[in-house]
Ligand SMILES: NC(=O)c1ccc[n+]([C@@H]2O[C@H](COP(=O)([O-])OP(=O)(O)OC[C@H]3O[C@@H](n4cnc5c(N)ncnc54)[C@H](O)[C@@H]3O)[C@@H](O)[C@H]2O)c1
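Shown below, as structure tokens, is a lone chain in the form predicted on its own; questions about how it binds or moves come after it.
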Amino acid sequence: MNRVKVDLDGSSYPIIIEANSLSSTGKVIRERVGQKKGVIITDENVDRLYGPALEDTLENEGLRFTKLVVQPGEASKSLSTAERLYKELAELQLHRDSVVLAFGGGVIGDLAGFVGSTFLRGLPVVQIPTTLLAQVDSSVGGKTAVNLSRGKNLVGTFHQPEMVVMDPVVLETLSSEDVRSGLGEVLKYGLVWDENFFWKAVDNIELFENVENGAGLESLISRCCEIKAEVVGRDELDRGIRQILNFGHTIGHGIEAGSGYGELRHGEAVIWGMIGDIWISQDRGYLAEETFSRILGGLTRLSLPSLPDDLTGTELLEYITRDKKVRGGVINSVLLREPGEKVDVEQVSEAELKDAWEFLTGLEVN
């Protein structure tokens, strides 16, 4: 077992990472939140694969939870789905101390976290992430959100979970695309915080694709959570250093929106966005060409999906300018000077973004 603590002003919570632990999740939840009732919010895919195991472990601990199931995919991260869940929570007559279990990937974590944070002005939420992206990134840090047609995560709250509990073995049912999506966030941590970890992750990609080595996978996931916990502990509300975790997300969110949500997974778009950011970094002279080439080689070991053929640089800019990271009409992106050490959020021009897009669309990858 690996245990990471998220320290915040006036509160803290644990992240527990243990292979083959889903069957004992009920015990750690009861020990943390008590013998309360609540709801499990999950999607059809996760429910089919792992729903019975979670329900059994909760029942064994005397915990009474009603299961609410939504359709899988980014389309469920919407105000309409949230409204449906609010109505179901109201019908269940939940109280302020009722608990929401967010059981799924990043979509479920964001959606259930948002619903939990706003119903009755805030219910306790336990995150039980089941995808690599959710385990290493979105389940930790308290960001919740739903999408609007004009952009991703435009309506949301900060609502820290009571705890995060994860079993890396559930990753064995992920598609290669979902593994690659999660790896985008894994490699991001290395490039903004710990360059040695970046190369360790690149050299051990097979651990994420074959979860039989539970100890090795636990260690890599735990390091991501340690980095996220340290950054969040310094800047809970994303007003300073936490913004470096948006590395790759300015261009990435534009690609994700421009391709139609769900066509490219979030982490896949972020990988393309990171390549765009390091291209701008080297174009400005921040990165030596040799460093740029080495990082590019590491990122492109992931067999990247194709970019959308019909997305133009002008259209990409339009989607980028809708993003919540744009402030006062200024587009910011995260640029590298020294990978893992000196990383800055800087204003980037439309011309730089268009040039980066031209580089991306001309890049030959496997």
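Everything numeric in this text was worked out from a predicted model, so none of it was measured. Just count from 1 along the sequence shown to find any residue number.
The same protein has a further form, the form predicted in complex with this ligand, not shown here; the description that follows concerns it.
For the spot marked by P72, V170 and H266, is every residue within 4.5 Å of this ligand in the model of the complex through some heavy atom? The answer is yes: all three residues contact the partner (heavy atom, 4.5 Å cut-off).
Does G105 reach this ligand in the model of the complex if we count a contact as any heavy atom within 4.5 Å? G105: contacts this ligand in the model of the complex.
Any chance K77 has a heavy atom within 4.5 Å of this ligand in the model of the complex? Output for K77 is yes: heavy atoms within 4.5 Å of this ligand.
Is there a heavy atom of Y50 lying 4.5 Å or less from a heavy atom of this ligand in the model of the complex? The answer is yes: Y50 has a heavy atom within 4.5 Å of this ligand.
Indicate whether R180 is a 4.5 Å heavy atom neighbour of this ligand in the model of the complex. No, R180 sits far enough from this ligand in the model of the complex that none of its heavy atoms falls within 4.5 Å.
Pick from 199 to 207, 107 to 115, 218 to 226, 79 to 87: which stretch has non-hydrogen atoms within 4.5 Å of this ligand in the model of the complex? Heavy-atom contact with the partner occurs in 107 to 115.
May I ask you to choose, among T300, T57, N45, N332, the residue with a heavy atom within 4.5 Å of this ligand in the model of the complex? Exactly one listed residue reaches within 4.5 Å, namely N45.
So which of L94, L296, M163, L174 gets a non-hydrogen atom within 4.5 Å of this ligand in the model of the complex? Only one listed residue qualifies here, and that residue is L174.
Residues within 4.5 Å of this ligand in the model of the complex, restricted to 151 to 168 and counted by heavy atom: Heavy-atom contacts to this ligand in the model of the complex: K152, N153.
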